[in-house]
Structures are given as structure tokens and as C-alpha cells.
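One chain follows as C-alpha cells, the form predicted on its own.
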């Protein structure tokens, strides 16, 4: 019996003007698989991630997440398909107007109705697992080191225990010891 793929990418192509970034990429992952994409800077890794997250629409091809073609569907179905995905971007992409705990629990408070107390408790539990001090919960991203910002972004990605995690350079900006332990 064939296992249903969680992610199916077929003939994905992205270009910016005459610059071809992705050319007919095919990718199939089942629910129990992991994949690491390695390549030099500028080779399209982040562009692929943005397509998989529905942030960037490809020129050609399809992307199915749990059977839903997120390229060719309505906004509601696309958002539902992407609900079980956590992501970190190269630069962390934290909201600079929100505190650390608000960044970590953004999805839970905005979309799942967590109250402030429950959200703060969840954020505290996660940052302690990532060996961050509880005193950072009320700080803003600009008050954190680059490595701490990266770990807060990882905390946000794993907060709701998503089915799929996308990490774009998750250990860049972390010291070697911290990167090895996380």
C-alpha cells in the first residue's frame, strides 16, 4: 500500500525576470520523512521555502500540502492546509513591536484564542527548554542578541507542535555549542 505524501511538489519553477531560480523541481515527502536541502548562497533554498509556505507563488507547477494544492486554491483552503506548519526564516522574522512571549505565541493568541496567561505559560515552558532565561519574556526582539532572536524564532515555530517544520538556516547566528545542543 502506497503511503500518502504529506508534501508533493511537481514541476515547480520560479523566475524573476530572466533569472531562473527553480527549474521544474519535484519533491515528495511522506509524514515520517525528513529532508535537508543544502546548497550555496543564492541557489534557491529560501525561494523554495517561501513557495512551500505559500508566501511566493511559483511561475509554474503545483505544491500539495496534505493533498491541498496551495498554489491553485482559495485563501481559506490554503490557510487551513498551512495551519500545521511551523517555520523559521533566515533572519528570524520576529515582530519587533511584540514582546518575546507574544512573538512565540502569536499563532495561538491570534488564531486559536489562547488567553494572555496561558500563552505566557506556554512561552515560558518553551524558552526554558531552549535554555533561555525566563526574564526575556517581556523583552522586545531588539533587546536580544542575534542568537537569542534565532532561538525565539525556533520557539515560535514549535509552539503549537506543528506536523511540519521548515527551518531556513536554523543554526546560523548561534554559537557552535548552542547550535549543537538544540
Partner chain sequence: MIKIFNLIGKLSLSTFENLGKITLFFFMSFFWLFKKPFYFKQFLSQFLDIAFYSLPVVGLTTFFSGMVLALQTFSGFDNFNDEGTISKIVLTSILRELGPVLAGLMVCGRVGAKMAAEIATMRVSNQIDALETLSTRPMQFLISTRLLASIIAVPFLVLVGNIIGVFGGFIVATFKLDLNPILYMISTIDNFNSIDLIQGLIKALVFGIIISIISCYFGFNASGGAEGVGRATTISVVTASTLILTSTYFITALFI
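Source: prediction; values computed, not measured. Residue numbers count along the first chain shown, from 1.
One more form of this protein exists, namely the form predicted in complex with its partner chain; it is left out here, but the text below deals with it.
Within 4.5 Å of some heavy atom of its partner chain in the model of the complex lies at least one heavy atom of residue 87. Residue contact with its partner chain in the model of the complex: residue 94 places a heavy atom within 4.5 Å of it.
Among residues of the shown chain, residue 53 is one whose heavy atoms approach its partner chain to within 4.5 Å in the model of the complex. In the model of the complex, residue 156 approaches its partner chain with a heavy atom inside 4.5 Å. If you check its partner chain in the model of the complex, you find no heavy atom from any of 114, 121 and 133 within 4.5 Å. With its partner chain left out of view, the stretch that reaches within 4.5 Å of it through heavy atoms in the model of the complex is, among 66-74, 122-130, 53-61, 33-41, 53-61.
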